[in-house]
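Only one chain is included here, represented as structure tokens and corresponding to the form predicted on its own.
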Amino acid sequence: MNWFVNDRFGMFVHWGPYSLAARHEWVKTREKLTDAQYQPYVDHFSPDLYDPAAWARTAKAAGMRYAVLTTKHHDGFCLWDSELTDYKARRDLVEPFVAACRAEGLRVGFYHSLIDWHHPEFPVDGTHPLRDARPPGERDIAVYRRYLHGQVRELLTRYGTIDYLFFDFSYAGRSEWWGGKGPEDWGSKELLAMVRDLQPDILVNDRLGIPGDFVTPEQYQPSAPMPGLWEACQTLNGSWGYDRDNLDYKSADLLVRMLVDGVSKGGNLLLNVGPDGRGRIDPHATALLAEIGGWMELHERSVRGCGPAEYAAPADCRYTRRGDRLYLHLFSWPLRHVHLPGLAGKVRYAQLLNDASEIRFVRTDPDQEAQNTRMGGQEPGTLTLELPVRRPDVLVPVVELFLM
């Protein structure tokens, strides 16, 4: 698990026939489309501009160190040449993705949906596009379960070492969906045992409905550290798949703050892109990732290999720590001074990380009273830093503190 904790930042890729609909990856069930109504997207999914090497370069330049591809989403369409179905891309799209990631030194991950709205033996439930029609006739989930296990076996035996596996998702007992499915339906214990046997070093998430190696908060930032390893999976604009008319993009500085906030609480960030139907990452997404990459180029060591610190950060700041380096991330820029409780006498040097310019210490008597142009003393044990008035021209300024 060392690589996962060290790398901290990965790219999620949601891509498939729903990219042609260009209005959310759940379009089939949102609009209650039959297989026939969805088929035009399948028929015309012909990504002539698919360039996984460009994807991998974009991820690496953004500071990401692993990439995770949707091998099959809930619509059941497969991006590899599965021997178990004809519902698949005309050519294997997974193999070149794996090769491109490895060429850039990225760890390789697969997403695989436990749900399948196309398979004839997947029982209709509250997530299914046919939920209102409820077609007559019994469906045998045992048949589907064998199919599910067989496809996972294909993915884990064809492409060499796979570092990461994201199953999605168990929903037994969730009130918003009737007929929800869970570990017994998926054969989760047997499935996980097979995964461990085929890829002993792989990391597997928690969505089989049984404990995995890490937990996966989605579309929110945890307010405190989560138990064990965790990774927040987040979108750029609220949609996982390509969504042409959705312009609700997060800003680059917000995305950096989300990354830092997670690392300060011991977590990772898996940030999603949704390539279009021709295989291009949207230019807006590419531009955001480039901005993040510019910040990471200067501040990578405040994220990579870092985790929480034992000190309480000042308001609107986050600490990360690696060894004897403590990193103060200033989400807002104060006027001239920032006060660090508990750090007096524990820091030998401080500098802005973007340009290695010195940050000086200010020593005041804790009992000093505020008068006119003289600030008052702080609580005993507080270290005060004197900052430049002008905020550094970076997304999130960082002060690097060298501990005693």
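Residues carry their position along the shown sequence, with the first being 1. Fair warning: this is a prediction, and the values are worked out from it, not measured in the lab.
The protein also exists as the form predicted in complex with ligand GLC; that form is not presented, and the subsequent description refers to it.
In the predicted bound form, ligand GLC sits within 4.5 Å of a heavy atom belonging to E218. By the criterion of a heavy atom within 4.5 Å, C233 is counted among the residues contacting ligand GLC in the predicted bound form. Looking at F214, you'd find every heavy atom of it more than 4.5 angstroms from ligand GLC in the predicted bound form. The closest heavy atom approach of F12 to ligand GLC in the predicted bound form falls within 4.5 Å. When contacts are defined as a non-hydrogen atom within 4.5 Å, none of Y50, W55 and F110 contacts ligand GLC in the predicted bound form. Partner proximity in the predicted bound form, defined as non-hydrogen atoms within 4.5 angstroms of ligand GLC, places exactly one of 168 to 176, 286 to 294, 93 to 101, 77 to 85 at the interface: 168 to 176. Between the options R207, R145, H128, K181, the residue in contact with ligand GLC in the predicted bound form by a heavy atom within 4.5 angstroms is R207.
The partner is not shown here, but in the predicted bound form the stretch 17 to 36 reaches within 4.5 angstroms of ligand GLC through a heavy atom at E25, W26.
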